[in-house]
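Heads up, the chain below is alone and in the form predicted on its own; it's given as structure tokens.
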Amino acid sequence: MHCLAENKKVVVVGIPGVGKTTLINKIVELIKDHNKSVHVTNFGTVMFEVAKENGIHDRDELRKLSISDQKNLQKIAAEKLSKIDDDVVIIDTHAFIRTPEGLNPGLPYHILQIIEPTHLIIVTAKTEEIYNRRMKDETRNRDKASVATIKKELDIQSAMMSTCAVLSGSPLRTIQNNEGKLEEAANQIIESIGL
């Protein structure tokens, strides 16, 4: 049996359509079963709360802001997240954000230094499943993508998160969240963070 000596800051990334939110909800249930306090924060939501104070009304507008504005919002969000001290802090975010200027890293070095993650988790799924999930999601104003684009996004995410692991010294694990395998994926993450 493992015990937590310090709080865990678990960064969970996944491109849209991998089922990250559903998986995180399952992980929270399992952590609570271990009698540990858990706090889930969506990095983009924290950024949006700050941006709303400056006139942004739609979360999907964040990626259209200038890179300097996005960096400033990232820094403010990271500082807020770094103060959370539950046993397990799950930071739900993206490895990159598609912007008019190019792919903006979701976890640049200065953000990793502020957050100090203890674990990095990539949630992925079969490309066709991701495509189908995106096509069914009408809750967000997302860019349309092809299967080929999704494959490229998965490759970019992997490269960016590998870099984050090197820069932060945090272990990196990729978890498959395929249809009907939610429990299995959640248990792999719980094992990864030492519960």
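All residue numbers are counted from 1 along the displayed sequence. These numbers come from a predicted model, not from an experiment.
The form predicted together with ligand AMP is left out here; the points below concern that form.
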query: Contact test in the model of the complex: D86 vs ligand AMP, heavy atoms, 4.5 Å; finding: no
query: Distance check, H94 to ligand AMP in the model of the complex, heavy atom within 4.5 Å; finding: yes
query: Any non-hydrogen atom of S158 within 4.5 angstroms of ligand AMP in the model of the complex; finding: no
query: Partner proximity in the model of the complex: H39 to ligand AMP, non-hydrogen atom cutoff 4.5 Å; finding: no
query: Proximity to ligand AMP in the model of the complex (heavy atom, within 4.5 Å), stretch among 31 to 39, 165 to 173, 150 to 158, 55 to 63; finding: 55 to 63
query: Contacts with ligand AMP in the model of the complex, stretch 27 to 52 (heavy atom within 4.5 Å); finding: N42, F43, G44, M47
